[in-house]
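Just the one chain here, laid out as structure tokens, in the form predicted on its own.
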């Protein structure tokens, strides 16, 4: 019988997020400050794929069910697709997924389809080229849309994540709903969080989930989807009545989901981050690279970290509207 890794609040870890690189080819305004120079983690300090596999191996024996690769941009790291293949081969029981900005994705889609990857989460905030350039600092919208079309043609499950930015991409809401009606995709709007050292968060950009939902209902008929608590993610999901897809809202500020949080993050440089909003990290890299320390030491470090997993909303309340987490998002993992 599996013994889940459980924190002091009784929350079992079922979901592991591996940030395999801090490198990203976009400079999204909600993630980083385009005026600041971005210093990347040096290559020797990034966990090797073999080290990541070792972590997954230990945690799969303790009941994790889903592994997601994040970054940075995962496909900016050489060998990302091959690593996904390693995970699928060794852990066929796991739901392996990837979150990507889509700009480097297209050539990898046939391999992902062959591997039967669980899903691809595509970060896409707008369908307007000018707005895309304003948000991301590039003019790569056509590349992302090409990848989206290829994902759908390959039969890969797609979830689109859009950060809701009032006055920036709110005009795109009807187009997102049209996509969810036409295609079997999940479109999720995420509330903009005061998150990361380089954030440009301000109240003027904050578009609450309730306002998003009210506006969405003027463009489509939405039916709430019943949550299955043990496996549900943070999104409140709605079917688009008469359509093929779904619409969702992720509400870290207006309606937090900390009580049911089941995830754990591994940063690119090999630290456990138990909560997105907490700067406390537990280093694993030294243990992984020390031949005198075996799996028992590694598991002990994981257990210690998970035991002290905080309730993120309490950290938010303590900070008010100031940014939580002093690292940039690309060094934490999205």
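Numbering follows the first chain given and starts at 1. Remember, predicted model here, so these are calculated numbers, not experimental data.
Just so you know, the form predicted together with a small molecule exists too; it's not on screen, but the next bit is about it.
Student: Which listed residue (251, 161, 81, 126) meets the criterion of a heavy atom within 4.5 Å of the small molecule in the predicted complex?
Tutor: Exactly one listed residue reaches within 4.5 Å, namely 161.
Student: Can you pick the one in 150, 190, 212, 220 that has a heavy atom within 4.5 Å of the small molecule in the predicted complex?
Tutor: Looking at 150, 190, 212, 220 one by one, just 190 meets the 4.5 Å heavy-atom criterion.
Student: May I ask you to state whether residue 13 is within 4.5 Å of the small molecule in the predicted complex, using heavy atom distances?
Tutor: Residue 13: no contact with the small molecule in the predicted complex.
Student: With a 4.5 Å heavy atom cut-off, would you call residue 169 a contact of the small molecule in the predicted complex?
Tutor: It does not: once the small molecule is placed as it appears in the predicted complex, residue 169 has no heavy atom within 4.5 Å of it.
Student: Since only the chain is shown here, I'm wondering whether residue 31 would be in contact with the small molecule in the predicted complex (any heavy atom pair within 4.5 Å).
Tutor: Yes.
Student: Check residue 99 for me: does it contact the small molecule in the predicted complex (non-hydrogen atoms, 4.5 angstroms)?
Tutor: Judged by the heavy-atom cut-off of 4.5 Å, residue 99 is in contact with the small molecule in the predicted complex.
Student: Even though the small molecule is not shown here, does it sit in the predicted complex so that 70, 73 and 329 each have a heavy atom within 4.5 Å?
Tutor: Each of the three qualifies.
Student: Which one, 138-146, 88-96, 161-169, 234-242, holds residues whose non-hydrogen atoms are within 4.5 Å of the small molecule in the predicted complex?
Tutor: Going by heavy atoms within 4.5 Å, the stretch is 161-169.
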